[in-house]
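Below you will find one chain, with nothing else, as C-alpha cells; this is the form predicted on its own, and questions on how it binds or moves follow later.
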Amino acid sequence: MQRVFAIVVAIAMAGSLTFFVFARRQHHDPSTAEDFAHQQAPIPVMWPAPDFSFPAHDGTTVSKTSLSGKPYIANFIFTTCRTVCPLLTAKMVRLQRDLPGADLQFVSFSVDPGNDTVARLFAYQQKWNADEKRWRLLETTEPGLEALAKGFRITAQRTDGGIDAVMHSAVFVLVDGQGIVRGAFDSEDPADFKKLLEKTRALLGNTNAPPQRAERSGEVLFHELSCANCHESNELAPPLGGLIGQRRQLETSLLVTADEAYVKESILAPDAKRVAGFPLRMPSYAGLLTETELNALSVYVSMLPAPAAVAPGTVEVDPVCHMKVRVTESALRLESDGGVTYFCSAWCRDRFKENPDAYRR
C-alpha cells in the first residue's frame, strides 16, 4: 500500500455516501433551546468500529479495547499538512472546548505512517491544545492504517496527477462506548458539524439544551478559536499583528487596505478576500459568534502588535501530489541544476528523488 497523505472518504451504508473537503458550506444560526429540543432524533446504530492498537503521543497505547466504556470522536490528519489538517485540528479543539468535562474521548489518527512519530504527534498536540487530557493522537503503520480504513469504511488513498490529486476528508466519526459507529459528520458543513455536537450530547445522556455561555472577550476567543496556531506561522496564514492600515494583495491581484470592516468580513466570510500566497483556507465563524463577540474579536485582532517583517510569500506546486506549498525558509525542498523544487512532505520529496524524471513536465 502506498504511503498515505490524504483521505478521500466513502462511508458506505445502503449505498455509498462520500464526504469531500470543502464539499458544502452554508450559514447556520447557533442553537436555541427551542430548536435543540426539536432535533433529538434517534442516533443510528451503524457498524462496529475496527480493532486497532497504536502508540499515542503521550506514550500510552490506545486500542479499541482501551477506549471501550466511553464514547469517542475520531478524525484523520497528518502533522505536516499545510492545507486542510490545521482546519480539522482547529475544529477538533473546538469540540473539546464545546464539551468541557464531558465523559468522552477524542482520537486523531495519523494518515502519514512512518513520518508522524509519537514525538512529532506530541509536539503537534502541545501546539494545539496541550492541556486536553482526553485527546490522543495515534501513530499508525501502513498495514494498520489499511485495516483501520477498511473497518471505518473509509478509503485512505492517494492519487497521482490532476488538480485534486490530494484530497482530505472533513469527516469526524462518533463511536459509542460499546465500540459501535453512531455517525459520520462532515465538519465542513456547519449544519452537520452542529449535529455532531448534538448527537454527542445525546449519546452522553444529556438531552437538555446546552447551557447559555457567557459572552467571551476578544482575547479568550482568539485563544479558543486557535487563531494563533495558523496566523503566527508564516507557512500557513498571513500575520495579524499591525494589520489595520496595511495594504494586502489578494488572490485576485487586487489590493485592499485592512480596516475594521475587513477584519470582520475575514472572520465571517474568509474566502471573500483571500490574501495571495497562502494556500490554507480559513473556516468561517459565521453563526458561532454573537455580535458583541465579533466586535470584541475584531478589536483584539486590530490591537495585536506588528511582527517582524515578513517577506512576501509565493506558492509552488509539489510535483508529486500537486499540493500547493507556501515557500518559506522551512519549506521542504530539493536543489538541483534545474533549480529548487518544493514539497508538501518528506514522502513526496523522497519519491521525487527516486525518479525525478517521472514528475518533470
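Since the structure is predicted, the reported quantities are computational estimates derived from the model, not experimental observations. Here, rigid core means the biggest group of C-alpha atoms that superpose within 1.5 Å across both forms. In this text, residue numbers run from 1 along the sequence as written.
The same protein has a further form, the form predicted together with a small molecule, not shown here; the description that follows concerns it.
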**Request:** Give a yes or no for residue 196: in the model of the complex, does one of its heavy atoms lie within 4.5 Å of a heavy atom belonging to the small molecule?
**Result:** no
**Request:** Using a 4.5 Å heavy atom cut-off, state whether residue 152 contacts the small molecule in the model of the complex.
**Result:** no
**Prompt:** With the partner left out of view, is residue 236 within 4.5 angstroms of the small molecule in the model of the complex by any non-hydrogen atom?
**Reply:** yes
**Message:** So in the model of the complex, is the small molecule close enough to residue 283 to count as touching (4.5 Å, heavy atoms)?
**Reply:** yes
**Three-residue site 86, 248 and 263 fully in contact with the small molecule in the model of the complex at 4.5 Å by heavy atom** = yes
**Asked** Of these, 99, 180, 243, 204, which has a heavy atom no more than 4.5 Å from the small molecule in the model of the complex?
**Response** 243
**Request:** Would you kindly say which of 72, 172, 278, 135 lies with a heavy atom within 4.5 Å of the small molecule in the model of the complex?
**Result:** 278
**Asked** So which stretch, 119 to 127, 222 to 230, 144 to 152, 183 to 191, is the one near the small molecule in the model of the complex (non-hydrogen atoms, 4.5 Å)?
**Response** 222 to 230
**Asked** For residue 288, is the CA shift between the shown form and the other one at least 2 Å following rigid-core superposition?
**Response** yes
**Prompt:** Honestly, after the rigid core fit, is residue 279 moving at least 2 Å at Cα between the shown form and the other one?
**Reply:** yes
**Request:** Answer yes if the CA of residue 184 moves 2 Å or more between the shown form and the other one after aligning the rigid core, and no otherwise.
**Result:** no
